[in-house]
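Shown next as structure tokens: one chain only, the form predicted on its own.
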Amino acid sequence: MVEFTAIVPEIILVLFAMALPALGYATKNSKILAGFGLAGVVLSAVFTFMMANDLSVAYEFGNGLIRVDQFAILFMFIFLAVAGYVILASAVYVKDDKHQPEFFSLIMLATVGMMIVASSTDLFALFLGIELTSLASYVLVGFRKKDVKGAEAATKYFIIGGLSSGFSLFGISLVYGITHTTSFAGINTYLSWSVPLANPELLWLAMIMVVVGFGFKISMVPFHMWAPDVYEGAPTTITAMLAAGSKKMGFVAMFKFFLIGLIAIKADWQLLVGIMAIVTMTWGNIVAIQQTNIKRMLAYSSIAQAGYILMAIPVATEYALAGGLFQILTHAFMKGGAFLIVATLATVAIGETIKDYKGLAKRSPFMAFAMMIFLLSLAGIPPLAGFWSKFVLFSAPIDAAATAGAEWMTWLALAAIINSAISLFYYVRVIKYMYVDEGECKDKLKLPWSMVAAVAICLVAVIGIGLWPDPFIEYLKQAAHSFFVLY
């Protein structure tokens, strides 16, 4: 008998996504459609919570291809939270667009793909989840077909995404040819017993191919070139989903590939990945300083944040993974909230240049305050959530250098601290425009309540995690422990 319990949350989302187009024949009210989609997300979250309460039972599907543990549960909640606030904000954002049911359906199907990646134990299952999310995302980015920037963004995203998928699949086929398995645990077992390899150059080629594919998903330098254009051209609520959701899916893939599949040959790749992390965070921050468009600035900031999270891989300890997971959790609300503010203000004709935010504090005190909190949290200012996640993540290389004798890891922490200080410049510039400079128009803004509510959810999360970080840190340590132990 096949046990479907492990994939019940995904099944719920698929059923609601399939029902939405039919509901679209009965009503064109975007709020009703969004409410229906949101109900599916909430119901899926309820079943996920029920599984989280009883992880003594092994929830598996497909002979172990899908397995739900604390690590998977964490990401499933993150992806569902992102889907929830994106759907809530989109109720008004797409109210004048055609094909609204399909818009919400695609968001839910993209979330299904992310959740499959979170619970996958095999490269092919992981690849299928990534492709499901990617295909839905391509359509969502180009949802407004008459928008020139949107069409350009979707075209670039599709072409580069297709190439990255090809690289990933070729790399996976090489891994299978070398190890005779696509299971992460199986790959690790093979490498543990087969070092030194007869043809190590083939494994290096496979690793490079897979890293190119996954590196695209997390916008790691030099595979980041798509991110600024796509983030700028996509509907802004979808930009929030890409930054806060699908990018995190890419990190799940990277964690599983390196920290499970290739952990036996860690010494061969950890310095290279550490250098890539430093290059990514530095390039993202330096280029972000030069941006005048707030979506592009946030895109390059997101690239820099990817560099921070990437540090967890070369350090490769439970504490480092917990730090990476913490940064992923906080980033989902910090960056998602910032993009939702941009989307909300766009509904009342506020432009996307940074100068358009001049005097925002007088026109919309709540939005200005929320944006300030998100930006300061991204910079790592205490006592906000971003400070604690950076504290745990940045201290992990120092801890590893002291306990494992890997002195070079201290440079990872030093580079991250310097880059975090650099990022403060362009974040504070936006705050200065909002609170110090005078805008041309001083009329109060009337904003859609659903979009304000979505921003408020992110704001409460950022402040709440910042004020009470201990329970989150403890759970993330448990999730990191289960990640290493169960595999």
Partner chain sequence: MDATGIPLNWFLILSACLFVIGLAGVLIKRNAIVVLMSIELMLNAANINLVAFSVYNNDPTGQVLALFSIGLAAAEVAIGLAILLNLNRLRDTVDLNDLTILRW
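Small disclaimer: the values here were computed from a predicted structure and weren't measured. Numbering follows the first chain given and starts at 1.
There is also a form predicted together with the partner chain; it is not shown, and the following applies to it.
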{"item": "Partner proximity in the predicted complex: Arg296 to the partner chain, non-hydrogen atom cutoff 4.5 Å", "value": "yes"}
{"item": "4.5 Å heavy atom contact, Gln291 to the partner chain in the predicted complex", "value": "yes"}
{"item": "Any non-hydrogen atom of Gly261 within 4.5 angstroms of the partner chain in the predicted complex", "value": "no"}
{"item": "Distance check, Phe366 to the partner chain in the predicted complex, heavy atom within 4.5 Å", "value": "no"}
{"item": "Triplet Glu318, Asp399 and Tyr426 all within 4.5 Å of the partner chain in the predicted complex via a heavy atom", "value": "no"}
{"item": "Proximity to the partner chain in the predicted complex (heavy atom, within 4.5 Å), stretch among 390-398, 366-374, 127-135, 251-259", "value": "127-135"}
{"item": "Contact assignment for the partner chain in the predicted complex, among Ala81, Val92, Val221, Leu174, heavy atom within 4.5 Å", "value": "Leu174"}
{"item": "Option touching the partner chain, based on a heavy atom within 4.5 Å in the predicted complex, out of Leu163, Leu272, Val279, Leu414", "value": "Leu163"}
{"item": "Partner contacts for 152-177, taking the partner chain in the predicted complex and a 4.5 Å heavy atom cut-off", "value": "Glu152, Ala153, Ala154, Thr155, Lys156, Phe158, Ile159, Gly162, Leu163, Ser165, Gly166, Phe167, Leu169, Phe170, Ser173, Leu174, Tyr176, Gly177"}
